[in-house]
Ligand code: SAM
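Below sits a lone chain in structure tokens, taken as the form predicted alone.
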């Protein structure tokens, strides 16, 4: 089984709460086991813990981490690190190489990413060379990485959406 963790770099209090929350919700829904934040924004962390309680799953949230330490620890344990940036190699040109990785940390930025990150990672990967949302980039990357299999996952416990052509149905799991 592939392990995927998302590291969110940058977070401007009040300005980025919604975007950081969406990065984490996307990571959770599309196969990551957890998310790490360099910020210690307790509001965002609690919101994500509440979502996990309602919707189930084992997703973890850790805030206030040191990004250098987390990258080094991950790599020292044999993992690989991928930074999503519009300055990287186009996704289609590198995705097959990344797919073989068992333990993958995916970095997404908020504000200007420190130059050191570009050298510490194994891959700098672009979802096109135009400005775009880190949420969209993460979603496209995780879907391509897992070839759509993450969309078939079911979460233990919590609310379950029952697919319907019309209307909506949510049941307790």
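The shown structure was predicted, so the numbers you read here are calculated from the model rather than taken from an experiment. Numbering follows the first chain given and starts at 1.
Unshown form predicted together with this ligand; subsequent notes refer to it.
Colleague: Considering 51, 30, 110, 105, which brings a non-hydrogen atom within 4.5 Å of this ligand in the model of the complex?
Modeller: Residue within 4.5 Å of the partner: 110.
Colleague: Identify which of 62, 132, 68, 144 has a heavy atom within 4.5 Å of this ligand in the model of the complex; exactly one of them does.
Modeller: It is 132 that has a heavy atom within 4.5 Å of the partner.
Colleague: Within 4.5 Å, heavy atoms only: does residue 36 come near this ligand in the model of the complex?
Modeller: Output for residue 36 is no: heavy atoms all beyond 4.5 Å of this ligand.
Colleague: Taking heavy atoms and a 4.5 Å cut-off, does residue 121 contact this ligand in the model of the complex?
Modeller: Looking in the model of the complex, residue contacts with this ligand do not include residue 121, since no heavy atom lies within 4.5 Å.
Colleague: Find out whether any non-hydrogen atom of residue 98 is located within 4.5 angstroms of this ligand in the model of the complex, and reply yes or no.
Modeller: Taking the distances in the model of the complex, the answer for residue 98 is no, it never comes within 4.5 Å of this ligand.
Colleague: Any chance residue 148 has a heavy atom within 4.5 Å of this ligand in the model of the complex?
Modeller: Looking in the model of the complex, residue contacts with this ligand do not include residue 148, since no heavy atom lies within 4.5 Å.
Colleague: Quick one: name the residues from 116-131 with any non-hydrogen atom within 4.5 angstroms of this ligand in the model of the complex.
Modeller: The stretch touches the partner through 118, 125, 126, 127, 128, 130, 131.
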